[in-house]
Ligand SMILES: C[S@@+](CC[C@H](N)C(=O)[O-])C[C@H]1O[C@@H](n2cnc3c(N)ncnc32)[C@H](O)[C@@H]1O
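As structure tokens, one chain now follows by itself in the form predicted alone.
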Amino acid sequence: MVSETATKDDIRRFWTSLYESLYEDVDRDLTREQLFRSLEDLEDMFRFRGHMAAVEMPLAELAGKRVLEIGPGAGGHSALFARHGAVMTAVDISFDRARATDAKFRLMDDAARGCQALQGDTENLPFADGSFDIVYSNGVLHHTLDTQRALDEAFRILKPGGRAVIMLYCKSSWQYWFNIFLCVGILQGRIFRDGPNWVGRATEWGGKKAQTVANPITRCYSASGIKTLFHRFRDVTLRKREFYFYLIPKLGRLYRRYQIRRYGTHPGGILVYGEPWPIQSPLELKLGEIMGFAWFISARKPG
């Protein structure tokens, strides 16, 4: 749901603020050697989790492919794809995030030849029709003013036969119905107090700094909603992942301490979360397939 007063400037301010909280310290002192080591860790983490960056994305086939990432965060995913030979273009509404992504390309030097990052609007992309082999976006398009328009733009700039690899939030999930809707929306009263975008205000913040800017937009989708969004695409596949006990309000803090003691952390999280990732238990990995918060979507443009 979207507040009637939400604007793209509001979206830009929130995600710039979140960048400063999550990534600024990591990016400030990053060296070339640390970046390449972190990319190896990142790929290992993605493979362990069954993340779409290592499953739906054909890493072994990326060499020479023109790939657009919409919403690169601090650039970890784009840098990983460049490491596998993709000619990356990354577009983010936040200048700081685009700059951080471009800085990683510059650190990679010849390993990211031809790669670039720029500030831009996913609903009005500055590229010609049929410019890219793959459009990739991880957890971004459900934060736009018009998700359908953003996907229409992704469709437009794909080559015929090109692939979209997209993560959107899953409404038919434990995270939405229990953690967000019941615990936060009903029991904490956010659904009554925070207006039409109460889901946005209840999600997304993290990092080292206190939140001072509200998240303007977050949407979650059912399987039928995904099929409606991707109605122009063919060969649309959906896969659920991402279940975490530590996200349960209040009680999750206790579990997180146990989880880290029992299973440890993975350094692959540093580039994409600003800190090591708490490793999921085997039960959480299995539950993610049934009631996970992420739809990992693969779709092709007819050609």
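Computed from a predicted model, the values in this text were never measured in an experiment. A residue's number is simply how far along the shown sequence it sits, counting from 1.
Just so it is clear, the following notes concern the form predicted together with this ligand, a form of the same protein that is not shown.
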Quiz item: Is Thr89 one of the residues lying within 4.5 Å of this ligand in the predicted complex, judged by heavy atom distances?
Solution: no
Practice problem: Report whether the minimum heavy atom distance between Gly225 and this ligand in the predicted complex is within 4.5 Å. | Solution: no
Quiz item: Would Arg97 show up as a contact with this ligand in the predicted complex if we use heavy atoms at 4.5 Å?
Solution: yes
Quiz item: For Leu285, is any heavy atom within 4.5 Å of this ligand in the predicted complex, or not?
Solution: no
Practice problem: Pick the stretch from 179-187, 134-142, 108-116, 195-203 whose residues have a heavy atom within 4.5 Å of this ligand in the predicted complex. | Solution: 134-142
Quiz prompt | Contact at Gly71, His77 and Gly120 by this ligand in the predicted complex, all three, heavy atom at most 4.5 Å | solution = yes
Quiz item: Out of Ala154, Leu229, Cys220, Ile93, which one falls within 4.5 Å of this ligand in the predicted complex, going by heavy atoms?
Solution: Ile93
Quiz item: Heavy atom within 4.5 Å of this ligand in the predicted complex: which of Val272, Ala53, Leu39, Val67?
Solution: Val272
